[in-house]
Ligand code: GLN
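One chain comes next, on its own, written as structure tokens: the form predicted alone.
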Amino acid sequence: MNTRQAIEWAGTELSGLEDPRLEAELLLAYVLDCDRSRINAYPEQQLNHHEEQRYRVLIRRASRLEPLAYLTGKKEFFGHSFLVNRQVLIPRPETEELVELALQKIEKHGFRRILDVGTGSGAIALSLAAESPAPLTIDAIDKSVMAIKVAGMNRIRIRPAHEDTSVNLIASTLDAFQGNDYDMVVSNPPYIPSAEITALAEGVREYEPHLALDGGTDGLDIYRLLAKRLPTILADGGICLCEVHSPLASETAELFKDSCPGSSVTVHKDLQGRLRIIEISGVRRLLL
């Protein structure tokens, strides 16, 4: 089987996907450890037995809607290649906008101590570390021990921009961090209402960890906890940035306004015009 024949066969096997040829080419490039351009430039290149068998296995998995990121074990995010597996949520492009906003706040206010809640693969924390020229201390927490292990592998691969920056990966819940003075709290928490999980795209529903998706009955469980804990973990003048479920953005904003009296709550739109990031500032510090 040559590359042209492989792509044609895979395209038929993946006919149920949105762009079967693209998926076929990306997976063949992964198997051959080359760029897509090389595949198209050399359509007569022969696959050896091992390559062909490996490709067939991946295509069959893809035909069952397993996400490409899990098939290749990696996902590009904010210019870096992150290792991923089914223990962590696949980083989304829209979350890059949260990182961009956080970097702006870090530069503007001179923030140095950051808490990343629900770090997963470490995409947010490690991107901040890699892109900020200032020395940061980032505590990245997740209740999943397996997620922290994935983040640990990514920490080895993605180095901070400043030699004094540290990213501490901790398997923990937010309750253990009361009494701290973080300049910024960032989070892309689970925010899908439990009843809506079954309506998610099959590839998401069947393969991505529900722990990172299910936000409880109304999707607001983690936000209630954050709103309750912010006065005990955020320093005076600190800011909290969270990604939100667009249909629940207004309810999420009201929750923070009610739980953090006197705070300023702003909801930012993403590049698609959807309500995406909630910013909470002016939270009154509560000493324990």
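Residues carry their position along the shown sequence, with the first being 1. Quantities reported herein were computed from a predicted structural model and do not represent experimental measurements.
Not pictured, yet referred to below: the form predicted together with the named molecule.
(message) Is P189 part of the interface with the named molecule in the model of the complex - any heavy atom within 4.5 Å?
(response) Result yes; P189 sits at the interface with the named molecule in the model of the complex.
(message) Whether A212 contacts the named molecule in the model of the complex should be assessed with a 4.5 Å heavy atom distance threshold; does it?
(response) A212: contacts the named molecule in the model of the complex.
(request) With heavy atoms only and a cut-off of 4.5 Å, decide whether V167 touches the named molecule in the model of the complex. (result) Although the named molecule is absent here, V167 would stay clear of it in the model of the complex, with no heavy atoms inside 4.5 Å.
(request) Find out whether any non-hydrogen atom of L89 is located within 4.5 angstroms of the named molecule in the model of the complex, and reply yes or no. (result) L89: contacts the named molecule in the model of the complex.
(message) At 4.5 Å between heavy atoms, only one of the stretches 159-167, 193-201, 89-97, 175-183 reaches the named molecule in the model of the complex; which one is it?
(response) In the other structure, the partner sits against 89-97.
(message) For a quick check, can you give me the residues of 94-120 that have a heavy atom within 4.5 Å of the named molecule in the model of the complex?
(response) Going through 94-120 in order - heavy atoms within 4.5 Å of the named molecule in the model of the complex - the hits are T95, G118, T119, G120.
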